[in-house]
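Given as structure tokens, the chain that follows is alone and in the form predicted alone.
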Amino acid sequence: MQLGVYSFGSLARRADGGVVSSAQAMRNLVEAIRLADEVGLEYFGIGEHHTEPMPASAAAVVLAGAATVTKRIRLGSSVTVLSTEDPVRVYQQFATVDALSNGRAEITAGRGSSIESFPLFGFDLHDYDRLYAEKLDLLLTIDRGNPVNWKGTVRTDLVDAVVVPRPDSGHVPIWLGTGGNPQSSLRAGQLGLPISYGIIGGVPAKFAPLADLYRRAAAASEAPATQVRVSVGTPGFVGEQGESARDLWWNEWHHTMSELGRLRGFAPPSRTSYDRDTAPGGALFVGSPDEISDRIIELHSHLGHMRHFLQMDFGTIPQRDFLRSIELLGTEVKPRLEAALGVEPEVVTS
């Protein structure tokens, strides 16, 4: 089992009660990634968002900075909103991260759970499915190597195009990210891509049929075994004691979800629903090291996933608390999981 963290670059609360600037939030991310590497975590992902509370809009740039101060941790997007990106630029950016990190970059290509990038970059939300399907096809075509020849409807065709730089290994690992759409599981299996499930609510064990659908589709497509891999990203936080961790994180979760609810038309969460979701079987992995390791092991029995990564910095949680949670994930949760499940071998996927 690989362990990791993902973030949208939330604005941390300062000691005086204010919040840091969006520029400082980017510097905080690099500090967090460096610590995650030091404590032995295997993955750090940055999700693409374009809002004031979550300003990590240029994941590859932050990851390139982190590449120069880390040694082992894999650096990825969680996710790249491919529908509103240019796949050529995405590939160039992550191939550059791969070069600077000596082969540690990954791309997780998804549709994205927010729609802010559509008006921001001049795309029509009605083209959502077509944009994603064609741009994913182009991204995979680029990864196969130069020259690149591609025809589609969402951008100009490429004829004998040269896309540089190229990774030393020949490929940038590309994952398909999804929130649980069955068609996405089927598509990932048919394309022979590893899949990453973002689970932010409900009962995570109920994703087992989707993981099974993915694996059956991959088997039918005769995908290489090294490509058939499942990872899971969930909200979560690790503290020394379970009850105090849940109390601390409740304020951040409630604030963030209340703001999202105001924008998207749903009611803010209650403490009762939060307690249910942070209990065993729920989607919020908040608690002590023993509790979190037990819950990941339990979910692994249903999904057989090889990587689990947590979004810890919800709301305006102070940077010191974020860093402490990362430290506990690496020094306390990781040894427990390795003892129970073993160490996932490093396999480069593409």
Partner chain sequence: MSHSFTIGIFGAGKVGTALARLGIAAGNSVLVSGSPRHTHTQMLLDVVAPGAVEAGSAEVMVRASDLVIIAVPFAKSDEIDYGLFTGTIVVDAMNYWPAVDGVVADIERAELGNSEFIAMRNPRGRWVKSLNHLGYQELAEAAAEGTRGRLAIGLAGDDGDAKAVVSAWLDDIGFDPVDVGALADGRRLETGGAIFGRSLSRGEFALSLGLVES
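These numbers come from a predicted model, not from an experiment. Residue numbers count along the first chain shown, from 1.
Keep in mind that the form predicted in complex with its partner chain is not shown, yet the notes after this line are about it.
*With its partner chain left out here, work out from 98 to 106, 260 to 268, 71 to 79, 148 to 156 which stretch has heavy atoms within 4.5 Å of it in the model of the complex.*
Among the candidates, contact is made by 260 to 268.
*Heavy atom within 4.5 Å of its partner chain in the model of the complex: which of Ala161, Val88, Ala279, Ile115 fits that? Just give me the one.*
Contact with its partner chain in the model of the complex is made by Ile115 alone.
*Option touching its partner chain, based on a heavy atom within 4.5 Å in the model of the complex, out of Leu140, Leu248, Val203, Leu191*: That would be Val203.
*With the cut-off set at 4.5 Å between non-hydrogen atoms, does Pro182 touch its partner chain in the model of the complex?*
Pro182 belongs to the contact set for its partner chain.
*For Asp129, is any heavy atom within 4.5 Å of its partner chain in the model of the complex, or not?*
Although its partner chain is absent here, Asp129 would touch it in the model of the complex, with heavy atoms inside 4.5 Å.
*asked:* Taking its partner chain as it sits in the model of the complex, is Pro209 near enough to touch it, meaning that at least one heavy atom pair lies within 4.5 angstroms?
replied: Pro209: yes, in contact with its partner chain in the model of the complex.
*Lys135: heavy atom within 4.5 Å of its partner chain in the model of the complex?*
Flag for Lys135 set to no.
*asked:* Counting heavy atoms only and using a 4.5 Å cut-off, do Arg111, Leu125 and Leu186 all touch its partner chain in the model of the complex?
replied: Spot residues vs its partner chain: full contact, yes.
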